[in-house]
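Take a look at this single chain, the form predicted on its own, given in structure tokens.
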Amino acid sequence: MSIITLTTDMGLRDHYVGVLKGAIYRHYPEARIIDLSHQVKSFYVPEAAMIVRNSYPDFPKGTVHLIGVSPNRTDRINHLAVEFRGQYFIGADNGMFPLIFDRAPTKIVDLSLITQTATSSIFPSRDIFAVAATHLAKGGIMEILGRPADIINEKTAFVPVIDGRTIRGIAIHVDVYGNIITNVDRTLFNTVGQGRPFEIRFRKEQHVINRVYDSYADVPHGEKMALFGASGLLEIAINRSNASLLLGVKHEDVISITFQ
């Protein structure tokens, strides 16, 4: 009995999440469902990718991750099932997958056979993804879902840019505490920095941080700081306060790191 995780932008006010879970239980009554988040910013693929990327390493092999953010299929966006490190990821090829994986996946198939037999596709997370997820959770093979495929879409705008001795990243997520999570990981920071002194600037460069701490508690209450969080991504935080609100930083604001 495998786990199925859910990551969506549906929120909890309406019935959509309940309907999605009902569809999963209808196909697989023994399913074990875990909610990663249903509060992703509407249609904001990088935030969904960040949540899944930071979550899947803590799940066992065989886990199926259903990602219902910007899930609609178009001429350029296909529905895919992807195997990576013994787990499965189901969603739209909307630029999300390259932000989740740090290397090439083991196997990719489209969901064309599911689409052909679906009675509806107006709610892809329910009508297409839930069917594919329960098939894999029950131990089914990927080839039953569709044809071999490739990931073709990448959101290059959300990949950090290296400009000489400067890394330019962005804020891709603000968590419930107001911590600002960027798309700059520790490996990139260390590779470009080589241990040199640095300045982290944001909000039109009016704020500067020149040290990375190990813990939120390493600075006095109310003081801004930077650290690599549990995700391995660079965060801007204020100890015991809301950094996003107090520093005026929101999604997609630029965070620059310049090394001497």
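Predicted, not measured: the structure shown is a model, and the values here were computed from it. Start at 1 and count along the sequence shown; that's the residue number.
Omitted here: the form predicted in complex with a further copy of the same chain. The next part is about that form.
Q: Just one of 146 to 154, 103 to 111, 120 to 128, 83 to 91 has residues with a heavy atom within 4.5 Å of a further copy of the same chain in the predicted complex, so point it out.
A: Of the options, only 120 to 128 has residues within 4.5 Å of the partner.
Q: Please check if H173 has a heavy atom lying within 4.5 Å of any heavy atom of a further copy of the same chain in the predicted complex.
A: H173 belongs to the contact set for a further copy of the same chain.
Q) M10 near a further copy of the same chain in the predicted complex, any heavy atom under 4.5 Å? A) Within the cut-off, so yes.
Q.
At 4.5 Å between heavy atoms, is Q39 in contact with a further copy of the same chain in the predicted complex?
A. Taking the distances in the predicted complex, the answer for Q39 is yes, it comes within 4.5 Å of a further copy of the same chain.
Q. Does K250 make contact with a further copy of the same chain in the predicted complex, using a 4.5 Å heavy atom cut-off?
A. Contact check for K250: no, nothing within 4.5 Å of a further copy of the same chain in the predicted complex.
Q) Mind listing which residues of 176 to 193 have a heavy atom within 4.5 Å of a further copy of the same chain in the predicted complex? A) The stretch touches the partner through V176, Y177, I181.
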